[in-house]
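Have a look below at one chain only, the form predicted on its own, in structure tokens format.
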Amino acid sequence: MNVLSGPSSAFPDHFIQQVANYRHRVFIELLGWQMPTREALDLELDQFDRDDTVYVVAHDAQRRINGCARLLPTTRPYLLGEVFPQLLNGLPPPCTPEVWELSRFAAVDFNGQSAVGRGQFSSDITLALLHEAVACAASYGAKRLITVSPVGVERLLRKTGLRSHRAGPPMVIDGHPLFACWIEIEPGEA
């Protein structure tokens, strides 16, 4: 698995469009999420894709994307704090440089060239991508991650060996059972 990470300015101009197209294929076309998109271009981008957003992107030997994650500092607007604060069970959304949000995590190989298959969210590459995302967040000073995730992600987190726990009880939102989850970053994770 090859992984690139950094803010959008670290990548060639077309690269973030490729990530947005990959996310469109995963979240809109495969999973059927209802999100605002740039349909004409088949891009899934939102207001949280901005200059300080950090991307972690896995690709195969032919540089075709087969996994991605998005990291956002909680000191600026982020998905949980702006769209899903009800998942925090009445607690205020975190706002500190030590907490980053992990979102838009996916590992689906549309080309079938790697061990990452469609819907295999517990593949070795999926687990490795998650660890890469945690290490990348740690390199920016994060000590914890917060996520908004489908409830099924708890199984993945148990397999990783990462310490994680719910930030509040799951809720059904737009027909999807979701929950907010803490992921603790151990010293030396970067």
Partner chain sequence: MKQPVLPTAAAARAGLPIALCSDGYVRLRLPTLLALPLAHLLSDLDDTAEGVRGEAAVHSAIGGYTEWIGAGPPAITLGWDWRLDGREGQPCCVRTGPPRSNVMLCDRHGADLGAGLTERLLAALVDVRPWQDTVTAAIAARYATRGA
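This structure is a prediction, so every number in the text was calculated from the model and none was measured. Positions refer to the first chain, counted from 1.
Only in words, not in the display: the form predicted together with its partner chain, which the text now covers.
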Quiz item: So, in the predicted bound form, is residue 95 in contact with its partner chain at a 4.5 angstroms heavy atom limit?
Solution: no
Practice problem: Spell out, yes or no, whether the shortest heavy atom distance between residue 154 and its partner chain in the predicted bound form is within 4.5 Å. | Solution: yes
Self-check item: Contact flag, residue 83 vs its partner chain in the predicted bound form, heavy atom cut 4.5 Å
Solution: no
Exercise. Although its partner chain is absent from this view, report whether residue 111 comes within 4.5 Å of it in the predicted bound form, heavy atoms only.
Key: no
Exercise. Only one of 158, 50, 64, 131 comes within 4.5 Å of its partner chain in the predicted bound form by heavy atoms, so just point that one out.
Key: 158
Exercise. Tell me whether 7, 16 and 73, taken together, all sit within 4.5 Å of its partner chain in the predicted bound form, counting heavy atoms only.
Key: no
Quiz item: What stretch, of 158-166, 41-49, 22-30, 64-72, brings heavy atoms to within 4.5 Å of its partner chain in the predicted bound form?
Solution: 158-166
